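First comes one chain, alone, set out as structure tokens in the form predicted alone.
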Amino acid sequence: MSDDLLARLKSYEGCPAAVARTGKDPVNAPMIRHWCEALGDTNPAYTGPDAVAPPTMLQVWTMGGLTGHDTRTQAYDELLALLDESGCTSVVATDCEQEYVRPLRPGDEITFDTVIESVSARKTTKLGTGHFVTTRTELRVGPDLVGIHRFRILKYAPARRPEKKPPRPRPVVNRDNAGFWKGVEQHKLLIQRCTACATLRFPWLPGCASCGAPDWDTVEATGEGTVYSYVVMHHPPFPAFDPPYAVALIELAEGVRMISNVIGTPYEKVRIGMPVRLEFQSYDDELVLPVFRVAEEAAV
């Protein structure tokens, strides 16, 4: 950053940011009550006929709400515009400091003035590089100073971060399907089989839908199958996936069907009736999923 730019930023120190403003509401009991309820503060000093406002509410009485206050001073607007021009287009509030001169009571009418107290040299943070701007607001009731509020923001140029693809979502493993996922870890596609009527079932269930028997064993699928149906996912986008991609309902040679991805083939070339072959794909050190590849490609 040039010394000239820093000098221009520093020239705004001491300039007003707000002049002779009036709080939109006088100090009042309902706002004190809402504040205390939100923070769980049961101090008796904040209730009753002699109540005072919690000191930490100091900034509350100067806030403009959703409609805001009158336009800021030209000096403050110029400072922010200069920071924008230097590439510091983002802003985040970083901290505040408050000094309490006397308690505020319901009925007090607040007036305040704000000055630009300091503008830092360019600093490097995890968010990016930029300048800390500190304003100092003096609050009064009539001619009496009741508090001082310093508020600090960082106007910064966002740091460029390498995009890191989030991990693929994990399957939900429960006591009914744990055996299936244990087989997947061993690169086996296991299908439940009712020991009473020999009906195969997928997905895994706690009991047979054909005869109601609770007992079962498993058979290992050969991995041969065909695309019974499919959809192409375009929206909504999800960070762990790269749309568009095909999600297929695969009919296994054993007669049951399962949902999976068809890999190695462009989504627009997936077709119903296409023969596919099972593979196990590792997505990271912990996650392995059964997927399917077009049979001709799997044989190559």
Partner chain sequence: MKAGDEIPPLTIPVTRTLIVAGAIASRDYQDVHHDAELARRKGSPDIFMNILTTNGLVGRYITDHFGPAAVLKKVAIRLGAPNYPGDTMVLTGTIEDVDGDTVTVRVIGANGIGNHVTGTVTVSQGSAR
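Numbering follows the first chain given and starts at 1. Note that the structure is a prediction, hence the values are computed from the model and not measured.
What comes next is about the form predicted in complex with the partner chain, which does not appear here.
Only one of F202, Y230, F180, F151 comes within 4.5 Å of the partner chain in the model of the complex through a heavy atom, and that residue is F151. A single residue from the set T129, T218, S120, T94 has any heavy atom within 4.5 angstroms of the partner chain in the model of the complex; that residue is T94.
Contact check for S210: no non-hydrogen atom falls within 4.5 Å of the partner chain in the model of the complex.
Within 4.5 Å of any heavy atom of the partner chain in the model of the complex lies no heavy atom of E138.
Remark: T265 does not count among the residues lining the partner chain in the model of the complex, judged by a heavy atom distance of 4.5 Å or less. Using a 4.5 angstroms limit between non-hydrogen atoms, A45 touches the partner chain in the model of the complex. Segments offered: 244-252, 257-265, 271-279, 34-42. Contacting the partner chain in the model of the complex at heavy atom distances within 4.5 Å is 34-42.
Scanning 227-245 for heavy atoms within 4.5 Å of the partner chain in the model of the complex gives H235, P237 in sequence order.
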